[in-house]
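Okay, so here's just one chain, in structure tokens, the form predicted alone.
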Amino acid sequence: MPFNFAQIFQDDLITSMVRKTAYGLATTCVLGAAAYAGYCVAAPEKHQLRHYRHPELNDQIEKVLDSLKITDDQLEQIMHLLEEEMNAGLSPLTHHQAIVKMFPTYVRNIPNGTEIGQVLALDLGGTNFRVLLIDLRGNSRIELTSKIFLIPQSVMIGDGKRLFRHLAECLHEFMQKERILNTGVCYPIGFTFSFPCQQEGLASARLTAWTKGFDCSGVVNEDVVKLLQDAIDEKRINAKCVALINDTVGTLMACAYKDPSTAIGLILGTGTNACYIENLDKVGTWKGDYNEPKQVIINMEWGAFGDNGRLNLIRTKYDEEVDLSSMNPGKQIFEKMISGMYMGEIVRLIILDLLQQELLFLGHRDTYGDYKTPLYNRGGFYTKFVSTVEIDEGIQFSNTRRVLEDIGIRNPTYDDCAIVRHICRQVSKRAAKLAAAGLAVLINRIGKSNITVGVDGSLYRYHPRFKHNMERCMETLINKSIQFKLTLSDDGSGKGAAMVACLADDSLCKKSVVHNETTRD
């Protein structure tokens, strides 16, 4: 009996303790819930913003990004405006004040893959100078050998004649190594010269200004083809420069050798530009003959589209800030909305805007006050980061986390990564739509049933969705009777220049063919 009483007492004591503990826990839960509800009432917006696994569903974030979205009606309006600017550039009455210059390149013949011969190509566009020997073997087959030479800093800023003598010396060394020097065969040269020029003929162009760190005296306003040929002749090299082109034309020509339906060349890299084949009867500025073929490749210089304010209907405050902080405010407006030089900066400005509105990097704001980090510095978010971020799929965000850490964001959350990826996608999608609208104008204008577009440039090559986004948009803008195809160009500045050279002087190519057959016997 004493044992039973003790047991009952002990059970009552335990029950009492459990009851008190339960009451305490319940009270704590009620108080916690009340406090949490009070916080939500006091700061409802901040509370809600902490939970957006799908940033496109968040109204405040989408309000910021809505300015980047372009409707189908706006795209059609942009197409109409671009065609108006193109016609102004092609007219002799309005060309001088036209924004989109539409320069005739004097390249009229397009390769079809049957060309045969050995041709030299020179490519000068920076601190490296490339010399190529291209063997065209017909049936769209090409064999190529090349060598890259460094342009010393002293040559880049020295006397102009010294620069072209250096180029001739590099050519001499290359031809000697390839055993084609002093063979009695005069090799045609296609020269890709990636500096601003006023072209006066296929083998005549005057430099208007040096860029890319070059500042050689005695070259501006001079014919660069003549300066090169004088240096070649001085070295008694058996070669003649028969054509000068830019990289856009080279892109078209390189693709046309494998696909004769190629009619457009497009560059989507650090900058952007396009060229296309136009009928001579539409080129009022044409000063050459009207013999067959009655066509010429037009170098559009379309990056300047909008310099007169006609794209203000779609420009955002981020575009305006990018433009104002650039080296050429008010210039190349279309290019600044598309190309690789500016895309990363647009993303960076949007990130800063969301950060300031407390829509991004919540809970870490105090740790991001180091204004020396790339996030707070112009150019700190590289365009290659946009491609890297957009490669990410699923929930790991390994690429995005690495990019954010590179720009100074430590321990980003899932939501942070999701929002940054969403920003990148919206910026690149807008760029793809604008490029697509430009191409749609050209394809509809050409009007052939099958048209191939040769494309080159780092943005197009490496961005995971750019081509897809362009094609989806183009399908809605191009006449249904036209079939189009986007093809990645292969070395337009080298192979494309060789194509132009081969077609420029058929007799030189025939000599090369004879020499090529002789050397193989």
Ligand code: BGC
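In case it trips you up, residue 1 is the first one in the sequence shown, and so on. Please read all numbers here as calculations on a predicted model, not as lab measurements.
Only in words, not in the display: the form predicted together with beta-D-glucopyranose, which the text now covers.
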With the partner absent here, would K212, N246 and I267 each sit within 4.5 Å of beta-D-glucopyranose in the model of the complex, counting heavy atoms only?
yes
Contact flag, Q426 vs beta-D-glucopyranose in the model of the complex, heavy atom cut 4.5 Å
no
Although beta-D-glucopyranose is absent from this view, report whether T383 comes within 4.5 Å of it in the model of the complex, heavy atoms only.
no
Taking 4.5 angstroms as the cut-off for heavy atoms, does E115 touch beta-D-glucopyranose in the model of the complex?
no
Using a 4.5 Å heavy atom cut-off, state whether P196 contacts beta-D-glucopyranose in the model of the complex.
yes
The unique member of S387, T105, T400, N273 whose heavy atoms fall within 4.5 Å of beta-D-glucopyranose in the model of the complex:
N273
Have a look at E278, E345, D416, E335 for me and say which one sits with a heavy atom within 4.5 Å of beta-D-glucopyranose in the model of the complex.
E335
Could you tell me which stretch in 426-434, 168-176, 72-80, 187-195 has residues with non-hydrogen atoms within 4.5 Å of beta-D-glucopyranose in the model of the complex?
187-195
